[in-house]
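Coming up is one lone chain in structure tokens, specifically the form predicted alone.
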């Protein structure tokens, strides 16, 4: 009980989550608020200039780097978040059904098509599908969901299989509880830690896929402001004007590390509370 109470103190929680919270908050705030406060002035200066009235210089065509950073985060962050949420909304129920069913044919019908998707390299699928309609965010979201879906379904199914084999589940069946009540009331709740551990990694993978699509020119329009596209477009002048590459890359890294660190600490807190009980 002492351990549980110690971790329940608000001040302790604030200190423990201060670093991941800051790492996540900075890129997310820039992504959400940046387009509102960004300048509408599209006047171009000399390419690859440090200073000259610009906080972080100019990019490869003379646009203000800071203004491009303010405009370029929303496409990356929103697409990665929406794709990750949609993946779990689809994959977790499918994995739960496959893991709890006693019908082998149903299990095979659900899992074998996903194994075929899993065999296709993610970058190849990204290039093939995203190139069909480049510049459309919903197409990119669908591609990222399709790429991540087999892995999340397999993880959800494995977790559901492990939990449904517990004596508590068998006792609930003997008491006449419905499959829906058992699945949602017990199995799904017991899967939370496993899914939370995977969620941080999966979100980072979604950022990687969205950034890769932008880097390859199939995720966003060539003229669109985007953090990943900024890294690609300005890499030739890295040693002349490093901020045009370093600043957007740093924000992407901060977001990835912050999300994973937050989930890691949340899982450790839950484990400590379980030990205390």
Partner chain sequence: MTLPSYVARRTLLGVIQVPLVMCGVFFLAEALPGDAAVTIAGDNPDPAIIAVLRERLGLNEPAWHRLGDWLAAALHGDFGQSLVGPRSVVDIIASAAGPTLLLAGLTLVLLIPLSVGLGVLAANREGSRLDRLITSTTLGLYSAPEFAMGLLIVTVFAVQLRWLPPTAVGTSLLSNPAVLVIPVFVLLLRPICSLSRLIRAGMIDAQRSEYVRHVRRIGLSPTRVRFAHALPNAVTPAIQQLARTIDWLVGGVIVIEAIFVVPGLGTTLVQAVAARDLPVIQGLAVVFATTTVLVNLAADVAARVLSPTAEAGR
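If you superpose the two forms and keep the largest set of C-alpha atoms that fall within 1.5 Å, you have the rigid core. Given the structure is predicted, the values throughout are model-derived calculations rather than measurements. Positions refer to the first chain, counted from 1.
Beyond what is shown, the protein has a form predicted in complex with the partner chain; the following relates to that form.
The candidate spot formed by 67, 139 and 142 is out of contact with the partner chain in the predicted bound form: none of the three has a heavy atom within 4.5 Å. Contact with the partner chain in the predicted bound form, judged by any heavy atom within 4.5 Å, is made by just one of 105, 180, 174, 124: 124. Checked against the partner chain in the predicted bound form, the candidates 77, 110, 129, 169 yield a single residue with a heavy atom inside 4.5 Å, and that residue is 129.
Taking the partner from elsewhere, residue 250 is found to have a heavy atom lying within 4.5 Å of the partner chain in the predicted bound form. The closest non-hydrogen atom of residue 30 lies beyond 4.5 Å of the partner chain in the predicted bound form. For residue 89, no non-hydrogen atom is located within 4.5 Å of the partner chain in the predicted bound form, even though that partner is not displayed. Although the partner is absent here, residue 56 sits far enough away that none of its heavy atoms falls within 4.5 Å of the partner chain in the predicted bound form. In plain terms, the part of the chain that comes close to the partner chain in the predicted bound form, with a heavy atom within 4.5 Å, is 148-156 out of 181-189, 77-85, 91-99, 148-156.
Of the residues in 183-209, those that come within 4.5 Å of the partner chain in the predicted bound form through at least one heavy atom are, in sequence order, 201, 204, 208. In the core-superposed comparison between this form and the one not shown, residue 244 has its Cα shifted by at least 2 Å. When the rigid core is held fixed, the Cα atom of residue 211 travels less than 2 angstroms between this form and the one not shown.
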